[in-house]
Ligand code: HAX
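A lone chain, given as structure tokens: the form predicted on its own.
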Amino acid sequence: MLKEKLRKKIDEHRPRTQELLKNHGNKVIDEVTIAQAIGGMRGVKCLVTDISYLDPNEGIRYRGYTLPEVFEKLPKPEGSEMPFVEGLFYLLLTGDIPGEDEIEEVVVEFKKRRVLPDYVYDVIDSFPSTAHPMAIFSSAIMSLSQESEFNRQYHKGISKMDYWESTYEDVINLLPKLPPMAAYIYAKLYKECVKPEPNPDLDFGGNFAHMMGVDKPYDDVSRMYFIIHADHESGNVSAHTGHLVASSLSDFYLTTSAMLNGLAGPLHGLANQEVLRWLQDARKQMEGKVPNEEEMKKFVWDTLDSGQVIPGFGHAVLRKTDPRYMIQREFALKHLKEDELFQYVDLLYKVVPPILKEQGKAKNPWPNVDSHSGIIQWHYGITNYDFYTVLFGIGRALGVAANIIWDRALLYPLERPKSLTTDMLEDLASKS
């Protein structure tokens, strides 16, 4: 059983955290500058997670595994190119690659819990057709707070040592509901509200593709998309919001809703649609013709010389091409090679990094995950930009869930950093 295996892992890990706090709690691990205090705490080492790590040279690691290793090692549904999303969840929780029996257990458990209560459909239906899908998604999830097992157990007065168990139950109850919830929101907004029916034989990603009404290989697109967006350390807005809100002992439903609200901002989860919009504008300027390399180079230089940026390139931490981009690129080379927008993306991949290096302004001139993800969704008929962040949110919930379970298992406290006034900063600056 996954929960029992997780219990064993937690019992083994707790002494490590307690030892660090008791005997090494005063050890300094970083220095904070005024620029970091004013500039959004960027780069300040003040959070802990064992779920993922963003390596500047290797990209994201899930539980120590690089993304190529994750996609290679995780079991795949029969006839599929991409792994079970349920397998990734198992890995994020335990740090272990699941076997076939372990995968089957999670798949079956998720299937049992994916039915939406009628009132969730009522919440979704109460929104006008002009509403943003992220607002509907967040509200529908928040409405499920009344189902929280954690809340029930907390009010019974359970020991804080056991908080993680009822949180686990909330996680296992909510995650499987996200794909059908998202598919119904899509149907309401873009398909005349035809209620999609689940397929009881399909896994997390496969059933989502089925409920979206998109044929193969969109099931593999869904698995790939949810896996590459699942986690990104603890410091990004969505993951950090989840950690912050959960630290107050809000239940997982309220926490996930808050996480999604952070993800919905244009500086975070909306980047992929901005890239797609820019690509389509570029194609319009070129009158629908796929340019050659020299023509694309000129277009890129003209764009940069006009003071604009090339969206989808660069990353705050990475110093190489984002592995999440490369996984999507390999898929596109196999399935989308003749797609016109992919041909634009392919050309940009070849010409933009050398130009940005020559320009000398970008620390990382390589493409990131957002440079690719929108055009794959577009190719398979998901052409409503606003919905892309909902897809991102389904994936990100997996990593946030694993982090919150472990936060509670290791008894992490309420998050409460200390603020300074501008006068205090000026006084510190004058003494340096």
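Between two forms, the rigid core is defined as the largest C-alpha subset superposing within 1.5 Å. Note that residue numbering follows the sequence shown and begins at 1. Since this is a predicted model, take the numbers as computed values, not measurements.
Just so you know, the form predicted together with this ligand exists too; it's not on screen, but the next bit is about it.
Enquirer: From the list M286, L304, M161, A135, which entry has a heavy atom within 4.5 Å of this ligand in the model of the complex?
Expert: Here the answer is residue option L304.
Enquirer: Considering non-hydrogen atoms and a 4.5 Å limit, which listed residue (G312, P83, G205, P176) is close to this ligand in the model of the complex?
Expert: In short, G312.
Enquirer: From the candidate stretches 287 to 295, 97 to 105, 269 to 277, 70 to 78, select the single one in contact with this ligand in the model of the complex, where contact means a heavy atom within 4.5 Å.
Expert: Contact criterion met by 269 to 277 only.
Enquirer: Find out whether any non-hydrogen atom of N364 is located within 4.5 angstroms of this ligand in the model of the complex, and reply yes or no.
Expert: Yes.
Enquirer: Hey, in the model of the complex, does Q359 get a heavy atom within 4.5 angstroms of this ligand?
Expert: Contact with this ligand, yes.
Enquirer: With a 4.5 Å heavy atom cut-off, would you call K27 a contact of this ligand in the model of the complex?
Expert: So K27 does not count as contacting this ligand.
Enquirer: In the model of the complex, does V369 have a heavy atom within 4.5 Å of this ligand?
Expert: Contact with this ligand, yes.
Enquirer: Is the shift of L88 between this form and the one not shown large enough to count as movement, that is, does its C-alpha move by 2 Å or more after the core is superposed?
Expert: Comparing the forms between this form and the one not shown, which are aligned on their rigid core, L88 does not shift its C-alpha by 2 Å or more.
Enquirer: Could you check whether the CA atom of K191 moves 2 Å or more between this form and the one not shown, using the rigid core for the fit?
Expert: Superposed on the core, K191 moves its C-alpha less than 2 Å between this form and the one not shown.
Enquirer: Once the core is superposed between this form and the one not shown, does N364 show a C-alpha displacement of at least 2 Å?
Expert: The answer is yes, as the C-alpha of N364 shifts between this form and the one not shown by 2 Å or more after core alignment.
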